[in-house]
Each structure stands twice: as C-alpha cells, then as structure tokens.
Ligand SMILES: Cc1ncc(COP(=O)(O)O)c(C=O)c1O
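To begin, one chain is listed below as structure tokens, in the form predicted on its own.
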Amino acid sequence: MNNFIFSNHDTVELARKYGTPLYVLSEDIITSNAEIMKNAFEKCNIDYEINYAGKAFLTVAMCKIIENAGLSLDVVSGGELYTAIKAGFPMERVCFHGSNKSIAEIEMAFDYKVGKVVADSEYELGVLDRIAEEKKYTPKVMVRVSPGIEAHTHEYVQTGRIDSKFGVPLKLMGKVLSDVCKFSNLNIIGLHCHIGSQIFDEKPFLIAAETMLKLMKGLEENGFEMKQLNLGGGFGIPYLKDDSVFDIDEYVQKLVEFAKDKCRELGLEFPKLLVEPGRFIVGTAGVTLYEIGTVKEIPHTRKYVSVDGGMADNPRPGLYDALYHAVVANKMTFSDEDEELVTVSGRCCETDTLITDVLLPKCEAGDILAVLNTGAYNYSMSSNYNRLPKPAVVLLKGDKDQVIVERETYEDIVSKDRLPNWYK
C-alpha cells in the first residue's frame, strides 16, 4: 500500500523516525503561502506590510522562516517577544499586540525598541504614555478599534463586535483621541481592527475598511494624521475536502480598489495597508501524526478509533467545534467498499473527540493517522493535561527533516514541581 506523502516526505517513515504524536511542518509550504500573499500586494503597487501572527505558531526556527520570507511579526506576550529576541528577529519589524499587556511587557517592548505597539484601550494608551515619558522614548503606536462588525464565523473567534474585550469601541474613539496633545509621548501612526477568524467572504473586510477609513478622516480633523491602517487577518483555510478556498489575489485587489475609491471620496491620503495572516501562512503547512490504538465498535451506534494524542495537542475541536480531515497514512490505496464511518477519539480523560465522523479504511492498532492542516493553533495551544508530554515538532525543507522542538519527557513535566519543607 502507498503511504501518505506530505511535502515530498513519507509520513509513515517520519512517524517511525520521530515517534507519535508528532507535529510536522513544511517550510516550503510556509514560504509558498507567504509568497502568494506578497505577490497579491505587489501587483497592486501600494505600500503594505504583512505581519505574521505569532500566536498561530511560533518558535525560534519559525522566526527565522518568517524573517527570511520578508514578513513582519505580531507578538502578543512577553514570551512571544522573547522568542523573537532569541531568534535575532529584527525588532523594527515586530508589532506588539495584546489586550492586557503587563507593565513589565511594555517596558520590555520599549527597551528592545519594537517597531510598533498596538494599544487596546484608553487605559493602555495612558499607561504607554506614562512609561514612554519615564523612559524618554517615543514609540510608534496604533490604536485598536472594535468596529461593531460581526463576521460569519464561530462566536468565540468574532473579535470585531461591539461587545468584545478587544479594542476601543468605535463610538468612543472621538472621545479617546479628542486632543492631539492628550498622549504627547506617543507617536500615534494609525488604526487597527480585526473582525474574526476563518472568514471566507471578503465583504466583512470591505465593510471594516470603509468604517476605519471614515474614522481616520474624522480623527484627521482632530489633528491626528494617521498613515497606516491594519485590517487584521482571519482569512479562512480549507480544513475539509469540500471547504472553500479564500482567494487572496481577489481579496487584495478588491480591497485596494475599494479603499482607493473611499479615500478619494473622503479626501484622505491612501494609507499604508497592513494585514495579519497567521493561519493562512502556516495552517496548511502542518499535519499531525498519531498511532492508532484501541478500535471499539458499539453495534448499530458508533465505531471509535482511538489515537495516542487528543485534546492536549489539539484543543480546537473542544473549544470551537473545529473540523478536520484525516487519512490513514499507511493505507492510501483502498476501494470505497473498504471505507467505514468512524469517530476519532483522543486519549484524554474527557469526551476528547478529534473528529466526530470521518470515512477511513478499516483501522487497526499500529496504523498511522494523519490529521491535515494542523499547522496553526495546535502546538501553540497544546497543554500537559493528564500530564501528557507535548509532542515534538519536525520541520521539513526539500528532502531534509529536522526536529525544531524536542518532544517533552516525563522529567520535563515534573521539573518545575517543588515539595514544601514539611514533606522533606
């Protein structure tokens, strides 16, 4: 039987070499996805910046890949910023996000002179202004706005609604930025919004662009000349075989044409456009490999196929009802008669369902299951629930494969445990 080949590598051989569960990433696919997005903007001949969203997947090696691809980097915590620092990523290409940054994180960002900071609230603008004055440093700041736009996606990843923890509500922006001297230690260069994730229709993005451009014009009349507009990301990727594919070329062309028309209509200078395509860059560049163990059939009800991972290495099905497609990597040649409808179940002591219904060839203990398009938000959201070690991450490039995150051991799990004195 033929094995499943991912980015020119035999996944069964990878599972044998590195063990399971195993995250596998392709640098070639990441680079290709980045080029697709860059080319879409280059065709429009405008000033732009693509900020890879580190929350999707970030390691020291990933920072190097993003740097070499010519992208900038969004970070949302001191830990993500420290990863970029350790990787030697150019700080002028770092944008520091986060809805509740600590004082220490803000000071760290200022000390390392990150390129931009996104302020998430009026309170944070005040904190940034105070720390900037203390450090005698003038950071470039963008203000995140909650534009009141609901994209058609899961409610947990709708981030642009009025009722959202993210950003300054649109109707309050005039009050927050009422006076150009209000935050005199900050160089406020633009606005930011993000309306959600896994969006396939460009219309919500165009509505957001119009809303933000009108806001920029209104703020210009208050003395704020903003030169940059970040419209976030959220571009959907196909998790299932029949899922739509977000057309980046069409989106960018429509966005630029629409924004140019609106700027002419408003008498506004066309701003530098920024986007944050985390999932789009890395999501399709990853697969997760598992070994199948228990196969349990409940007559006339359901057949469970259990794997040696689950919600600890992929919590998204439990969090968002996320759907995935999978293949049996060592059984790629089979007839339709060999297929059966099964539920792929994880090993954690919860319901822990990875895939509720999927057609697979007859599964047996020892088979290798490959869950597709897991490059985004799997490793980055993984945990040690049930004290399970986190899987290794293997990077592919050309015909090479190498570990970029080592598999955790049981010793790693207990390494931070401490006994109180009364037990010693």
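When you see a residue number, it is the position in the sequence shown, counting from 1. Keep in mind it's a predicted model, so treat the numbers as computed, not measured.
Beyond the structure shown, there is the form predicted together with this ligand, which is absent from this document and is the topic of what follows.
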### Message
Can you pick out, from 228, 211, 198, 77, the residue that has a heavy atom within 4.5 Å of this ligand in the predicted bound form?
### Response
198
## Note on the structure
Checked 278, 139, 167, 271 for heavy atoms within 4.5 Å of this ligand in the predicted bound form; positive is 278
### Summary
Per contact check vs this ligand in the predicted bound form (non-hydrogen atom within 4.5 angstroms), the hit among 382-390, 53-61, 364-372, 25-33 is 53-61
### Message
So, residue 89 and this ligand: in the predicted bound form, are they within 4.5 Å at any heavy atom pair?
### Response
no
### Query
Does this ligand get within 4.5 angstroms of any non-hydrogen atom of residue 233 in the predicted bound form?
yes
### Task
Would you please decide whether residue 377 lies within 4.5 angstroms of this ligand in the predicted bound form, comparing each non-hydrogen atom pair?
yes
### Query
Even though this ligand is not shown here, does residue 144 get within 4.5 Å of it in the predicted bound form, heavy atoms only?
yes
### Query
Since the partner is left out here, which residues of 247-269 would have a heavy atom within 4.5 Å of this ligand in the predicted bound form?
none
